[in-house]
Every structure is written in C-alpha cells, then in structure tokens.
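Just one chain is shown here, as structure tokens, and it is the form predicted alone.
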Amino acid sequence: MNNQGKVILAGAGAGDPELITLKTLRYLQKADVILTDYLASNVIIDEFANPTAEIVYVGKQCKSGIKTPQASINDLLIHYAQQGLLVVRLKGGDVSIFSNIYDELITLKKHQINFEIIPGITSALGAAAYAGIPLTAREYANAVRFLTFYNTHTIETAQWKELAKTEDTLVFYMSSDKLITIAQLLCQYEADASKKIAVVEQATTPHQRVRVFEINELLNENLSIDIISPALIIVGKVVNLHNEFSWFHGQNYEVSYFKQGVAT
C-alpha cells in the first residue's frame, strides 16, 4: 500500500483551454502520467503538462470509430498507480457529468488506490455562457435538466410527456444526431411548437457556431441540418436570450494562454 501512487480524476473544462481549474493545472504540472480524453484540448497538454509526463490518449470519438474500452482505461489507471506514480485522468468537461467516472471509482476502490476528484466546467455550462444563454434566467426558467438521448431507450414515454410540458431548460448531451427526433417527440407530446431549440457546436472554441430553431421549423421535411460534433442541444425559453446577449464570436476571439507563473 505504501508504494501505491495516486489517481487524480479531473475535468479539463469545455473546450477553451483557459477554462481549466488551477487545481487541475497544478496536478498536470506534477503528473508522471496523463490519461487524456480526445475532448480535452491539446493546448492543455502542450502548454500546461509536465514535459516529462507520459501522455496516453484514451476515450471515445464515436463518429470516427476511435474508442478505448473502459476496461482498458481502468487497467491503465491501476497499472501506473501501482508503480507509485501520480496519474491524472483528464476528462473533457466535468468528471461527473455523463462520463464513466463510476467505473473508474469502483476500480480504484477495489485496488485500494488513493484518488481525488476535481470538478471541471461541464460543456452545458460552457456552451450556455459562450452562447449568451443563462440557463436559469429569472422569469424564464426555474431549473435546468441535463439529459442524453444517444439512443431511443434512454428516455421513456412518460418522461417525454413531462419534458414536453415543463418550463425547465433542457440540455441534451451526445444527442446531436437525434435533433429532429427530439423535436418530433416534443411536438408529439404537445410542447409549444414555437419553443426555441439552440444547437451549439464546438462550444467555447474558435469554431463555435450557434443555430436557433423553433420546434416547428425542425419538423420541415425539406430542412437539412449538418451538425459538427461535439454539439449540445438547449431547449427552452432561455434560448430567446441568445440574440440579445450573444458575445462570443469564434474566430475573432482572442485567447492568451497563461502558462507563465500561474501555478507555480
């Protein structure tokens, strides 16, 4: 046990490398090994990681077919930690939102590996902020729900009936290829056909694009929508605020990476 290393389960934030937390940054500067998702910005590794750290790319890029099995990731965590190394498991967004952290925690606990969990800015919060859409703006929404609809079995009929009627803001992760189906189901269960849906592609990056539709627009059979992943879908009255408060203009946005002296 005394020779065991430690695993840091850390969120890299939502695309923009400057959204990483100082705590995660400091661990990256000390890490012996970094197991990083493809969604974590390469700038984070290039600019902030310990230059002697071993970098192992793991995770999933579903559309390209690249996938590291979760069992393999678990094995890597144990393999390195049992050598007495400091391992940072870097995940895109936040570690606790639609990630496989539960599997990793079970594995670490089983092998009595010390760990820490460091939160990150999840993509829903990053996308909403950079799109000028406050998710629980007063008089627009009292709550926000994070959902996923990557297959048709993740949300039951009874829940769709309730989602169609709610005033809560809905944010769908990993569901961009189900955009039309989401609109159809909301309409089927009597959602307001004029309710707005925002599609935020590559949120918080210079390539961010925000498109806003009404539900009834998405039911047009002649509509063709090409969505670049990763993308989030935001549904609700708060989407109406995008035009008024949009501030982020992608390619024109200046970033100033803060490598020098920030986390020493």
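Just count from 1 along the sequence shown to find any residue number. Given the structure is predicted, the values throughout are model-derived calculations rather than measurements.
Only in words, not in the display: the form predicted in complex with S-adenosyl-L-homocysteine, which the text now covers.
Among residues of the shown chain, Y173 is one whose heavy atoms approach S-adenosyl-L-homocysteine to within 4.5 Å in the predicted complex. Residue contact check for I20: none of its heavy atoms lie within 4.5 Å of S-adenosyl-L-homocysteine in the predicted complex. By the criterion of a heavy atom within 4.5 Å, Q29 is excluded from the residues contacting S-adenosyl-L-homocysteine in the predicted complex. Contact check for I97: a non-hydrogen atom falls within 4.5 Å of S-adenosyl-L-homocysteine in the predicted complex.
Taking L35, L39, I197, V238 one by one, only a single residue has any non-hydrogen atom within 4.5 Å of S-adenosyl-L-homocysteine in the predicted complex, and it is L39. Contact with S-adenosyl-L-homocysteine in the predicted complex, defined as any heavy atom within 4.5 Å, is confined among 184-192, 157-165, 86-94, 136-144 to 86-94. Residues of 117-133 that come within 4.5 Å of S-adenosyl-L-homocysteine in the predicted complex, judged by any heavy atom, are T122, S123 in sequence order.
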